[in-house]
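First, one chain by itself: the form predicted alone, in structure tokens.
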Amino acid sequence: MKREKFISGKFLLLVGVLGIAAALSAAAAGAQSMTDEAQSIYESSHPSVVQIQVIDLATGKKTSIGSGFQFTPEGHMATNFHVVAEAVHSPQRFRVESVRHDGVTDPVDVLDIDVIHDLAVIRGHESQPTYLPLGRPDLSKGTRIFSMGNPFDLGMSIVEGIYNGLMEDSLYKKILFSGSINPGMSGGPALNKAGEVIGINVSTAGNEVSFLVPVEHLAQLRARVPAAPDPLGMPGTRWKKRIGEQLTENQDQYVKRLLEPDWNTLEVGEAKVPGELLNVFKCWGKSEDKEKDLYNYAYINCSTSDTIFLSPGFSTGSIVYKYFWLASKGLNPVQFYNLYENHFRVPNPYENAGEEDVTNFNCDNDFVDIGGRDTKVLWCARQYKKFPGLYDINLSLALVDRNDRGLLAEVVALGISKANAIEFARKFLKEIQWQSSSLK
């Protein structure tokens, strides 16, 4: 009996060892398969992928780098707009070059841009015979894809990652890529297993959370590229007009989306206020009882995650709105007024833009009736210098009919026309309501 148990135990041990060996062998085979797949895609694709360099003409040295890739037999290459933005805005100060896999440097011309989706179509003076075909982005979540580029100027690399579908809570379509896109890889291709481009590297949030521009936007931009150079004046003038048109059209579209539906509301203090206007907005809240300071507060911040890059230090396209409910727990009226006034925000002159980009804020303030309660409203606007039809708007309001509690709110809209800003602000103010007990 004991011998049978001993033999049985040895047999089970042998089976276990063999099972582990088989599992290790299968894992090794799987790892080898993954490695070989990435290697195969790299070998076939890397001749079509380039480093993009922006050269400072005064020094002859590169001032920024990114990646790009040839996607037509005629030599058209793709990259991000933010990679070549300095040369687009200041062609008298910068030029663009591509560096091929064999080290050959080629001057590059910018043919067309899409600032909304952060894309540019460029072309070198010498086209190559190899190019990457554009594929379709309709992959299943969990599909392995491959990103290429030149991270940190360390050499061409390939990164394996997972396709996690389109970002649902975004004004603009973006692919969520579970892989590491590092600085220098912007503008490089993301490829499926067949070596077809399904997206363009654009940004990262760290910890293998990265984003790709869907390839459909590149196809649309390529269809608009003129067959011959645009004869409209100096390049800087042409691009300023092009960017202004794209920004104006885009803000018309998203403000229309904002104004059409009924808005849901949320409660803060004694007020009902606009909540998440569309699924692209997310609201976060916090409250605290400042017992030692004799007051409490509730704070809510709502915003989109979308911004549009125009140049280093200048971004636009965002909408943010905030609420702050303050209530005294023993402050006298003068103390509460001082606290309240300190939270009533006058906009900082330059937060998302530089002095060369926007004018100073011009502000008007008045006392208005909002839902039967006296409210101080401050309206501030500053104009874009290069795109004079667009403004940054800051609307701040403060409930002023109580000396022990009140609502503060702020709405910021970047890169919006004056007419659209007024329509948006009008609807926003109309949506603010008060709980019936607060009107007594």
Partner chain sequence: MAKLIIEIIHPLRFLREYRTFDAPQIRIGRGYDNDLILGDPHVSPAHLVVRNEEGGWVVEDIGGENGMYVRKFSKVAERARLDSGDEIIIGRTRLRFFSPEHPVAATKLLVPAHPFFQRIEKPVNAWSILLVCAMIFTAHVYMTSIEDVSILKLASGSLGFLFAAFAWAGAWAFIGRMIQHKTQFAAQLSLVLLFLVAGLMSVNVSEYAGYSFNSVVVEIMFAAALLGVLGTAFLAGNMTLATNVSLRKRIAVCSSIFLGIIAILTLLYYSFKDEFNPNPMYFSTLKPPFAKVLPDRSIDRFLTETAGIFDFPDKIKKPAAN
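Owing to the predicted nature of the structure, the values given are computational and were not obtained by experimental measurement. Whichever C-alpha set is largest while still superposing within 1.5 Å between the two forms counts as the rigid core. Positions refer to the first chain, counted from 1.
Not pictured, yet referred to below: the form predicted together with its partner chain.
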property	result
Candidate stretches 370 to 378, 66 to 74, 51 to 59, 36 to 44, one within 4.5 Å of its partner chain in the predicted complex by heavy atom	370 to 378
Among the candidates 244, 275, 91, 285, the residue which, in the predicted complex, approaches its partner chain to within 4.5 Å (heavy atoms)	91
Of 140, 207, 338, 279, the one that lies within 4.5 Å of its partner chain in the predicted complex (heavy atoms)	338
Interface membership of residue 358, its partner chain in the predicted complex, 4.5 Å heavy atom rule	yes
Contact test in the predicted complex: residue 365 vs its partner chain, heavy atoms, 4.5 Å	yes
Its partner chain contact at residue 344 in the predicted complex, heavy atom, 4.5 Å	yes
Heavy atom of residue 398 within 4.5 Å of its partner chain in the predicted complex	yes
Sequence-ordered list of residues in 380 to 397 near its partner chain in the predicted complex, where near means a heavy atom within 4.5 Å	380, 381, 382, 383, 385, 388, 391, 393, 394, 396
CA of residue 291, rigid core aligned, shift of 2 Å or more between the shown form and the other one	yes
